[in-house]
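Take a look at this single chain, the form predicted on its own, given in structure tokens.
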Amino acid sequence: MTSVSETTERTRPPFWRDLAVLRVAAQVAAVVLAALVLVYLGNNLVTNTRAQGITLGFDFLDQPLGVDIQLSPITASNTILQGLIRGWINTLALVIVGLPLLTVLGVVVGVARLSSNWLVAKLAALYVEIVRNIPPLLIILFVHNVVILGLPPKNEPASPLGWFSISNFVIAGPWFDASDGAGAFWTAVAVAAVAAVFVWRRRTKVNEATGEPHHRVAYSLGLVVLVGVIAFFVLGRPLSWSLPVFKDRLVTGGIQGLGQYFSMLLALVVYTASHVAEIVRGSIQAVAKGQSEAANALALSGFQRLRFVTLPQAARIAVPPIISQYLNYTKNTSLAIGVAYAEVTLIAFQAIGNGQPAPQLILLLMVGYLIFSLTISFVLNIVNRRMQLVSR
């Protein structure tokens, strides 16, 4: 009598037809092929760089940059490394300011596309369909050449309300002027902000446990404001109001930004927000219709229905694709080279143009953008996980 194991052994196909073996073999072959390609490219790089007398080290980072960076302490005598660091700071300035702005604009336009007002809905649709189908570089060039360069010349800036100085070279506005004790003040505000997070979570738990109104914004923001006011007076008013002043062809005081910066900021925010708007619109429409009907049955207003019912549920759907748009925005900042804004890509290419080795500089650019993208993804994926429903 034949056993089950013997029958299985006889019916099992040979290893060259076994799907499990073939899958493993295919993966091993793919890894080996990729390794061989990398070795070939690496050897090719080493051979070509040696033939051209280019070293593969990073000692060149201590060489002079050779160019000045406007509105910064970096001059031609500073090192390439200092210039690259300043370039990353300028890139970060675009990211930190741009992401909140494009989010707000994208949500507003996305909601407007579903408005019952015909004119509002059509204008929002027109904005989305036009802007998102134009290459971002063309939008950047349009904004720079038509909007920014259309401002008053730098020798005759406009001064609305006496609070701003606006020209096609520099745009400046009011800001804080720090004195002794400013560091301690901002430290106190930062500690208060951290405490406000715990207050926010505590009020949320109280609301979930008892149904009592949470008033999270009032409690958290009130704590930060209260600590800030107390620290301001205790530390002897370490901050004062500084207004921009134009004198001798220079703008002093306030906070300043080059026209190229605002070209990039406005263009990328407008472009990326058009994609976010479509994500928001689709996410709202993906929320079950019964949710809106239930909100209407509770006599919630249109704004209350949107704030408390529709948008919170739509956010769970919208966050993952919006993360991709945030990453696209970050990578598109490299297009600032088109308007000569001194972000890191422009500085790296200027160094390459001055005879510095291109492979290492491009590698630094790739690693830097990778770190930016992974950091944004890491933070927002945490937010995404916390927003997802948990089945018990």
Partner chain sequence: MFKRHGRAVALLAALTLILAACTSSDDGGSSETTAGETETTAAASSGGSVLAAVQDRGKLNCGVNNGVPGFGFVDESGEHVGFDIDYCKAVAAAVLGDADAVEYVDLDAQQRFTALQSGEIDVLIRNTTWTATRDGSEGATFLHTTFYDGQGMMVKADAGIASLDDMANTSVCVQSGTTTELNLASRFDEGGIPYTPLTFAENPQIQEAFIAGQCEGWTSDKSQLAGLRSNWPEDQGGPEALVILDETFSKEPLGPVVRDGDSQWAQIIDWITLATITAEELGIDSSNVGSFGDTESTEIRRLLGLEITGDDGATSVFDPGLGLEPGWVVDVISAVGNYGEIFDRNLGSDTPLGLTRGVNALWTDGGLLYAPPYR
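Note that the structure is predicted; figures quoted are calculated from it, not measured. Residue numbers count along the first chain shown, from 1. For clarity, a rigid core is taken as the largest C-alpha set superposing within 1.5 Å between two forms.
Missing here is the form predicted together with its partner chain; even so, the following discussion is about that form.
Shown alone here, Phe58 lies farther than 4.5 Å from its partner chain in the model of the complex, counting heavy atoms only. Interface residue remark: Ile382 is not counted as part of the site for its partner chain in the model of the complex, having no heavy atom within 4.5 Å. In the model of the complex, its partner chain lies farther than 4.5 Å from every heavy atom of Ser334.
Using a 4.5 angstroms threshold between heavy atoms, Arg202 stays clear of its partner chain in the model of the complex. Checking Asn117, Thr187, Asn155, Ser301 against its partner chain in the model of the complex, a heavy atom within 4.5 Å turns up for just one residue: Asn155. Between its partner chain and the residues Val39, Leu33, Met366, Val46, the one pair within 4.5 Å by heavy atoms in the model of the complex involves Leu33. Segments offered: 232-240, 252-260, 301-309, 87-95. Contacting its partner chain in the model of the complex at heavy atom distances within 4.5 Å is 252-260. Along 304-342, a non-hydrogen atom within 4.5 Å of its partner chain in the model of the complex is carried by Ile337, Gly338, Val339, Ala340, in order along the sequence. Relative to the superposed core, Val383 shifts its CA atom by less than 2 Å between the shown form and the other one.
Once the cores line up, the CA of Ile337 ends up less than 2 angstroms apart between the shown form and the other one.
With the core held fixed, Leu45 shows a CA shift of 2 Å or greater between the shown form and the other one.
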